[in-house]
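Next up is one chain by itself, shown in structure tokens, the form predicted alone.
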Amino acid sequence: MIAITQRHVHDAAVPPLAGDPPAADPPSPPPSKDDFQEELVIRPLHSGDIYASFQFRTVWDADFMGDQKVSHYRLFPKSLGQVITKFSVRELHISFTQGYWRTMQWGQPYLPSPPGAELWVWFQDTVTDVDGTWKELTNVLSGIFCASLNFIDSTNTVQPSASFKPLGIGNVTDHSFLRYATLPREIVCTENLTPWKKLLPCGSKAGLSVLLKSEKLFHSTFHSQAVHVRPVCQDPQCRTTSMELRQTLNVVFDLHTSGQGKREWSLFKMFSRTLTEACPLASSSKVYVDVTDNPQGEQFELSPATPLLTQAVVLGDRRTYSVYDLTQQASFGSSRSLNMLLRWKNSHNNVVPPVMLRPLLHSERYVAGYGLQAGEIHTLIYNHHPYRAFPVLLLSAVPWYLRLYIHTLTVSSKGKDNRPSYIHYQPSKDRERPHLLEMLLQLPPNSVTEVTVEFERALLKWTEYTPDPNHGFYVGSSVISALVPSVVAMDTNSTLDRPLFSSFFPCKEEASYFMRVYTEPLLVNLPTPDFSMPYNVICLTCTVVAVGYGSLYNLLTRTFQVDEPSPGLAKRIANVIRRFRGVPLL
């Protein structure tokens, strides 16, 4: 989050006027305060693509975790508020992602998320049946976001022991109140975006949300939308708490598919709309454009130009942004419309583009082996820091039908064994729960750490196969959590302009930062029977039964009687003439 957090100032109580009668009842507590902020960050990537990140933050000074019932809603969505109250939720994090983030080409995202759907929830310590509450919560969220979250059950839910610490306030150490699940095959479409936009105070009518046009957002290389609910401090001393709702949407527009092959970008070309006003309910509405790699305008030209610049340390790197404040009418100009244009300079002007620093931490995962009986899962974790080692926490949840041989687990770095300092393994139960493996690893500097484990494929029942079994079965992404050394601390040239006493120890913000990295989901083929044979057997059986039973049924139920053939026309005419003559009929 780049926007500056604003605190609410409670209205001072108005003193009574002279002569007013004293109040009979004690004064009621002041109403809960709420605040809404919105921002858009646009970052030109080194690959030529454009990364747009929306963040909408709603803070409400209401105590959802107390005994007092919350009934009046203003900016905070009532549907989520009722869910938090009913199911005693402390924190809720849900994301829907289409595509995979290419770390080596685009760098690190502001808020990472795995492909498909991800849901992890911290419940309050007052919940007695966590599994039952988790099941009810997934069904309710499935209806709110029009997603397949109702398919989350005990077979794809894990209880991490070290990963996914609370992001809000509170020192919760009992992980029995934590549940985590993923649906890597979940498809994200307009049905998920529409209820997500309805949670915003202004909907899609005003502010930055008018740019969220589904035809453009889903015609992109990467799309991710998320909802994060957590308790935060209301004052510096943290005497009282507030509930924060942060809605994020990240999208990457491809250069050739979205920009017609031209190195020229604008809000209208990306979203088919422009900005005309800020959300009337927002206390802050800003657009940030990353101009770190364009200090003198050598790479691209930004128009309309803005004199507002700000610097912030984001993901361990000091970045420079041009700021457009939508609450100021001067940002829209005389046309009352803001359509920022990024015009790239020609490639033949002898301007050397800056080299993108390799991400200090990224990971890969793949399946090795041949046949449909056994295989291996390889996870590669890269540490590109030239001289610092740091620990990482690896979490892998593997479905039960891939039976892991945990005694084959090997961890190696630079050709040597790398013994984990912490291992937590929970074996699976067939058709009940998945494997859970958590390890704390130390990554040597400038190294590749490989984690390998063998598995055996199980033979499912024919009713347990998906509608397209030959496509394969998805295995969710592994999660890597780490405190990564900052890139700012690696810059030795920055110490030349600073006093010597200030450069010996790195600052707190420049020392390290928390990062969560997701690997690719795996697609594994299982032994699949020939489903055409049951089809043929069913067709043959139905044919035999229809022919045999049908004939027997007709013989038993049909009645037979002899019908005389009707006389011909000539015979009938002759009988008429004989009747008139009184002669016996033929």
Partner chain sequence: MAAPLALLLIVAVTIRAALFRTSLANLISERVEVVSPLNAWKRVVEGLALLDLDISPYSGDVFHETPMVIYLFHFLMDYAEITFMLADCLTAVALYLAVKDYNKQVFRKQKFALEADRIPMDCLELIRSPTEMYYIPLKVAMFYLLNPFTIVSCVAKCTCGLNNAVIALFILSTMRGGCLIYGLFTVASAGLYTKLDFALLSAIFLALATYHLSVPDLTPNIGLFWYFFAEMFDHFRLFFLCVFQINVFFYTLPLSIKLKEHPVFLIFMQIALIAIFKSYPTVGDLSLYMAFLPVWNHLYRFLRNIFLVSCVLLACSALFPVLWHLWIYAGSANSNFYYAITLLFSVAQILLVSDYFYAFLRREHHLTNGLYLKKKDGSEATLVLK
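All figures in this text were calculated on a predicted structure; none of them were measured in a lab. Residue numbers count along the first chain shown, from 1. Between two forms, the rigid core is defined as the largest C-alpha subset superposing within 1.5 Å.
FYI, the form predicted together with its partner chain isn't displayed, but the following is about it.
Note on contacts: among 304, 132, 371, 386, the single residue with a heavy atom within 4.5 Å of its partner chain in the model of the complex is 371.
Residue contact check for residue 459: one or more of its heavy atoms lie within 4.5 Å of its partner chain in the model of the complex. In the model of the complex, at least one heavy atom of residue 528 sits within 4.5 Å of a heavy atom of its partner chain. Among residues of the shown chain, residue 90 is not one whose heavy atoms approach its partner chain to within 4.5 Å in the model of the complex. At the 4.5 Å threshold, heavy atoms of residue 480 stay clear of its partner chain in the model of the complex, well away from it. Of the candidate stretches 449-457, 95-103, 267-275, 175-183, only 449-457 contains residues with a heavy atom within 4.5 Å of its partner chain in the model of the complex. Contacts of stretch 424-454 with its partner chain in the model of the complex, defined by any heavy atom lying within 4.5 Å, are made by 425, 427, 428, 429, 430, 431, 433, 454, listed in sequence order. For residue 550, a C-alpha deviation of 2 angstroms or more is recorded between the shown form and the other one after rigid-core alignment. Residue 527: CA moves less than 2 Å between the shown form and the other one after rigid-core fitting. Panel note: the distance between the CA atoms of residue 535 and residue 472 is larger in the model of the complex than in this form, the difference being 3 Å or more.
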